[in-house]
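First, one chain by itself in structure tokens, the form predicted on its own.
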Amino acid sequence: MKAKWKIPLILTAAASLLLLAGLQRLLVPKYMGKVVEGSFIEEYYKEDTPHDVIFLGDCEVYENISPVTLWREYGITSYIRGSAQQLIAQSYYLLEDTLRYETPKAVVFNVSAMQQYEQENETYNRMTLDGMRWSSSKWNAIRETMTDGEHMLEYLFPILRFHDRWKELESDDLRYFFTKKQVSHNGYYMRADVRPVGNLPVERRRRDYSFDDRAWEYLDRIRLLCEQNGICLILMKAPSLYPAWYEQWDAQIREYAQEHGLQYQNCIEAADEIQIDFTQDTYDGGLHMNVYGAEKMSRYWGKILSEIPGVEDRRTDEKLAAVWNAKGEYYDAMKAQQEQEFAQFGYLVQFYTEE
């Protein structure tokens, strides 16, 4: 008799687990609407070809570098493991996670994360951490960067966090229940609209320009992890005009780079060399580059990256060329669509032609 009861119990338990898994899948945000940045981290795991260059950081990376342009101009394979307001500890664990799949020749880390060590908003944590595959790297990233009120159990079982989101469900939650469309271009977030730089806020003086000791600790950890794996680490400051990047901050990064033999590229200072036009190359008044500015940034960075040993022009590799040609077609189609949409709705859009 006991054996007869076991089968129904097992089936009931299995059905309950499937139901909970389905509910969790339904209730977890899909990031397919206006806020697509929450999909960037997980898209990396769909890649099936290696990358010579990995970019790490926040929006100053994923909105300012175009991997497709790096490929087309220099044959460089790259991926941006970026996310909104990515903390330096999260960058470290994302690098650790990346090394489980591949070992790039170079890592470019955007140093703006040095100015804020702790997360202020759980939403940004979720947009970074939920997309990571489970590993010790994800566990440690969550443990290190959780805000007050967050719990590890809610990351292990997201339904505990999003159980009441049924009130906010949209058509996208059903449309992308099983699979999600690709929204980035190797981690790059494309914007083809133009909003010129206007009046920028006045820089506020600070009592203390020192970076948090924990930020320095994780910068050291990133550097050492790169050294241990034979990876060239380059520090970068994107050409964002706001929020302010203070001279005192810049001096500390320069000193660190010099002390450890690292290359540091401040793209604010190099804006003229990059040929950035802040009346045309930004979509939000100077905070981030639009696609035209990102393409200029990528041409500038291509010259730097192509000089690193092991970062080669791989356009003669037929397999890689086929993969990147497909990426380029998707890139061009989205760019053309956005240009058409923004022109139609009255946005100032500049159409660039290559010389």
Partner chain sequence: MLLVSYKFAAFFAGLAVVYYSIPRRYQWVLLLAASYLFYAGGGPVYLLYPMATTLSVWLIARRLSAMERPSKRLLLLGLLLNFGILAVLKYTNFALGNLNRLAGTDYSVSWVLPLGISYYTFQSMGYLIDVYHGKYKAEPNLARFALFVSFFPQMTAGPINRFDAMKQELFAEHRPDSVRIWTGAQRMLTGYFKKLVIADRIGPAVSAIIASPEVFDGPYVLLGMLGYTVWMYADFAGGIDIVIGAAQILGIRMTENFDRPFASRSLAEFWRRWHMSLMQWLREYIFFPAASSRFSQKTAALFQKWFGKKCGRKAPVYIANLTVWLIAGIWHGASWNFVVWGLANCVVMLISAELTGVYRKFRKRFAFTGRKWYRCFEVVRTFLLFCWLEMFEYYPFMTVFAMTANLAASLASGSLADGRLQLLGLERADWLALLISVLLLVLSGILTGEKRISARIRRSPAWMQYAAVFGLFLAVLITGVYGRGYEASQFIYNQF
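Numbering follows the first chain given and starts at 1. Note that the structure is predicted; figures quoted are calculated from it, not measured.
Quick note: we don't show the form predicted in complex with its partner chain, though the next part is all about it.
T147: heavy atom within 4.5 Å of its partner chain in the predicted complex?
Yes, T147 lies within 4.5 Å of its partner chain in the predicted complex.
So in the predicted complex, does any heavy atom of R207 sit within 4.5 Å of its partner chain?
No, R207 stays farther than 4.5 Å from its partner chain in the predicted complex.
Would A343 show up as a contact with its partner chain in the predicted complex if we use heavy atoms at 4.5 Å?
Contact with its partner chain, no.
Is the gap between L160 and its partner chain in the predicted complex 4.5 Å or less for some heavy atom pair?
Yes.
In the predicted complex, do A84, E118 and D220 all reach within 4.5 Å of its partner chain through at least one heavy atom apiece?
None of them does, since no heavy atom lies within 4.5 Å of the partner.
Report the stretch among 192-200, 241-249, 163-171, 270-278 that approaches its partner chain in the predicted complex to within 4.5 Å, counting heavy atoms only.
That would be stretch 163-171.
Quick one: from C59, I308, M32, L27, grab the residue that has a heavy atom within 4.5 Å of its partner chain in the predicted complex.
None of the other options qualify; the answer is L27.
Which one of D212, E122, D284, E102 is close to its partner chain in the predicted complex, taking close to mean a heavy atom within 4.5 Å?
By the 4.5 Å heavy-atom cutoff, the listed residue in contact is E122.
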